[in-house]
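Taking the form predicted on its own, here's one chain by itself in structure tokens.
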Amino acid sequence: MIETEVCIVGAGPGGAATALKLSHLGISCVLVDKAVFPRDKICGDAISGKAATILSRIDPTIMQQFETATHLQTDIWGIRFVSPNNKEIDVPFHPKYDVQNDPKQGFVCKRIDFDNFLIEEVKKREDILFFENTAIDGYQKTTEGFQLYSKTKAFQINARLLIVANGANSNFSRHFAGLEKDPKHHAGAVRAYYKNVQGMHPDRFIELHFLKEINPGYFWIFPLPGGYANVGVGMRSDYISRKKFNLRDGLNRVLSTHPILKERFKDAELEGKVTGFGLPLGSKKRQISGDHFMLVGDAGHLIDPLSGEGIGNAIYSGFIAAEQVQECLAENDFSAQFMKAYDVRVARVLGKEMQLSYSLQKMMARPWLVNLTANWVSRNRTLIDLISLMYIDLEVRKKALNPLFWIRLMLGKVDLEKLR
């Protein structure tokens, strides 16, 4: 029996970030994962600037080491949007960028490598007791917190505070915290690794293709080191059911029949197999804490509804959870009422962003609107700069959802310099 103040279940980016932040705060913890690292995780592999920023706030040396590990990651500088009418729009993460001299804006790294990189950092910390190859099969609420145990009960932990970060299929999230799957706020996706994909952006932009063949989903290509790319298709789960859409077939159909993409993939080699995964989206307000527990990352349904990116939100929620732990220990209060501060803070820094992403996702489901917007944007550099600002500034994104904003923009009454 292990006694601890804090136990974290799940050692992906959310769980690892929580443990590292706790270590930085001088708080010991136990971290448990059923896998042995390095282990693969089905994902789009994109790591946003948000993730890099929060990891740097935990410990600047972590991101410094990651940036120098060019064999593990590709730095990315923007997004190439492709509309149903094949109009390409390149949107940098900053309106003016310098690949050689500016700070890195984002990365693509296989999860088998990124997660293991974080675990190697975890293993350096003496105040993090890490157990891998250890599955937690039972949770028992006690007056002092939680008792956790393996299937045979040979491994048991008593913890005053439980942080659940064990992913989209978390048993605890579903059966104890009550976060059931809602098809309107959930997506399905498949991904594969290809080598020798042609026509990649020279400045390593990720690609999002809004194609007629997979509407209202999207197709992506994310560049990886060594000539590889993460390639996939995603769609909201209610649309998958309604259309009886097979994601694997959809991916194969795009690569073999789309007039542009089939040429780009004609010499590409599939490495491994096409694999599927689910994404619990953060577009629905949910309670992600309770008496003596908090949910982090995918276990808390915190995936961005538009981009499908979950790593940054997992790391950010883990950072917030660790600071809430500090408050709980200081006040000796682990009640559901006191824990609500975690929900409030997550909603403040991530909730509005995900609601906006959900609104944009619904707009992108209309091909005629996407085509119309793409035609307009492609002829106007100012609009591309505006979209760049939308990526880095939540307030600009909120303004952009107001139709009056676009009318004022067309009349030349919006000063982008004042928005920066």
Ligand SMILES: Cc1cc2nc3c(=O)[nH]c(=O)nc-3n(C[C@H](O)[C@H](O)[C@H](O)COP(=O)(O)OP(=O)(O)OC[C@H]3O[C@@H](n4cnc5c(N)ncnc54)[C@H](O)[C@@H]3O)c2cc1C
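Just so it is clear, the structure is predicted and the values come from calculations on it, not from any experiment. Residues carry their position along the shown sequence, with the first being 1.
Keep in mind the form predicted in complex with the named molecule is missing from the figure; the text below concerns it.
Taking Phe146, Trp220, Phe319, Phe81 one by one, only a single residue has any non-hydrogen atom within 4.5 Å of the named molecule in the predicted complex, and it is Trp220. Contact with the named molecule in the predicted complex, defined as a heavy atom within 4.5 Å, holds for exactly one of Val370, Ala52, Ala46, Ile58, namely Ala46. Not one of Glu207, Pro305 and Leu360 places a heavy atom within 4.5 Å of the named molecule in the predicted complex.
Stretch-level contact analysis of 159-167, 252-260, 67-75, 236-244 against the named molecule in the predicted complex, using heavy atoms and a 4.5 Å limit, identifies 159-167.
Contact between Arg111 and the named molecule in the predicted complex is found at the 4.5 Å heavy atom cutoff. Contact annotation: Thr134 falls within 4.5 Å of the named molecule in the predicted complex, judged by heavy atom distances. Mapping the unseen interface onto this chain, Ala189 counts among the residues with a heavy atom inside 4.5 Å of the named molecule in the predicted complex. When contacts are judged by a 4.5 Å heavy atom cut-off, Gly278 counts as touching the named molecule in the predicted complex. Counting a residue when any of its non-hydrogen atoms is within 4.5 Å of the named molecule in the predicted complex, the hits in 1-38 run Val9, Gly10, Ala11, Gly12, Pro13, Gly14, Gly15, Val32, Asp33, Lys34, Ala35, Phe37.
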